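Quick heads-up: it's one chain on its own, the form predicted on its own, in structure tokens.
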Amino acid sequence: MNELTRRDFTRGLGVATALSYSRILGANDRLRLGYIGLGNRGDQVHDAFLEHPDAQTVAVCDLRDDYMDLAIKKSRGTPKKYKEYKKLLEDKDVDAAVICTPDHWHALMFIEACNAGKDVYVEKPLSLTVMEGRKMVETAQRTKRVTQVGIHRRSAKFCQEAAEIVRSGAIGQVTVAKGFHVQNEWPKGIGNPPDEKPPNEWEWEHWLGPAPKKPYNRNRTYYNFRWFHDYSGGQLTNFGVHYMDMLRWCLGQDAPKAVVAMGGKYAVQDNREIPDTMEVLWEFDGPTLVIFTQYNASAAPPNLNDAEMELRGTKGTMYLFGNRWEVVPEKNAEKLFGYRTPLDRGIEKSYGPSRKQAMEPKSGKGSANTAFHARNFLDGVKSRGKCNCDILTGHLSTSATILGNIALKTRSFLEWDTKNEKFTNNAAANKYLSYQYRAPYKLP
């Protein structure tokens, strides 16, 4: 996600680093954290919290000992090791849980953590289904837990600046907003390994959890689970939720009115279930068209600026990158229509319409290091205040991306009732808003 290295981060970018900021708050006022899921992203999030002396790792939980041993080695002190996440949630020494498991585990673990009296940091995407996300919101509100969803750009100052500029009307009315995930995985992608006997039956069973029972395939585990619908919404929820959240934030909108999608597995020859080529279009109030583009069989720049996101306004266009933003002013043809005098008409016939910039160019830069998001969660737990990406914010952004997957699956144009969180024009599509957990797992 274009994060800077820790060395670059702690060197600073004209602002106080997360480490120096936490020293100001006082290192003795520690919060005791328990981590569930420590592979890949879990390891990165653990590193982000370790930037802060007031974050103490007191417990770790994972199916793999090597992941836990690495986390313990990095930690200050000697955290307890748990193979069963319920044991960690029962631990009275744990103030807050940090959940970085595969997506299909998020809802169950989050709800049980809240019910156990723990504040919760949960990685994105928040949930596998809309119904799960809504139950997570309801549980957090009922238990009065402080929550943070790992859409970490919400805590990046340059992203906050960008959102404020768009929301202030500086680039005019935004009619189109786009996010791009472009990465050439052709021809073999994640490969096509055969189903086989799991190396460890217990580990495979507990990795699946509430997901349907399927034959073991090494691509279905750990990082590559993102390419299979039983455990993830694919790149639309994995990368797309960052873009949807940022664009929704800039637009000041909660949820779309309608969604449509097209795409499929067009070129990459592997055993993935998700598309390698896909476009999703949402209509928001504004009116604004929001588009997610996923091209995984081509790596050419998505636009002339090679930006991750763009918002096209009537006065200018904002381009968003991993660590900066810029606004390119629009030039208005103010005399293109409604000529006032014959002289004007004659001048413009010879030289073209009169044009001028609607605003001055602007730009900004910064860091989207996850340590800022971790800092915000720690401060929220201490103050009992709302975090930058609380559970409702994460739910709205995640749900919008899930709707895109449902539109693709049903090959339909879907109208969305935000208040009741249902489709109004396709009853059959509503069945994809939830799914039945595999016994004995149940969502509280």
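Don't overthink the numbering: it's just position in the shown sequence, from 1. Nothing here was measured: the structure is a model prediction, and the numbers come from that model.
The protein also exists as the form predicted together with a small molecule; that form is not presented, and the subsequent description refers to it.
Just one of 266, 222, 186, 321 has a heavy atom within 4.5 angstroms of the small molecule in the predicted complex, so which one?
Checking each option against the small molecule in the predicted complex, the one that comes within 4.5 Å is 222.
Select from the listed residues 132, 119, 245, 103 the one whose heavy atoms reach within 4.5 Å of the small molecule in the predicted complex.
So the residue touching the small molecule in the predicted complex, by this definition, is 103.
Given the stretches 122-130, 164-172, 274-282, 251-259, which is the single one in contact with the small molecule in the predicted complex, using a heavy atom cutoff of 4.5 Å?
Single hit among the candidates: 122-130.
So in the predicted complex, is the small molecule close enough to residue 226 to count as touching (4.5 Å, heavy atoms)?
Taking the distances in the predicted complex, the answer for residue 226 is yes, it comes within 4.5 Å of the small molecule.
In the predicted complex, is there a heavy atom of the small molecule that lies within 4.5 Å of any heavy atom of residue 206, even though the partner is absent here?
Yes, residue 206 is a contact residue.
So, in the predicted complex, is residue 63 in contact with the small molecule at a 4.5 angstroms heavy atom limit?
Yes, residue 63 is a contact residue.
Given that the partner is absent here, does residue 34 sit within 4.5 Å of the small molecule in the predicted complex, heavy atoms only?
No, residue 34 sits far enough from the small molecule in the predicted complex that none of its heavy atoms falls within 4.5 Å.
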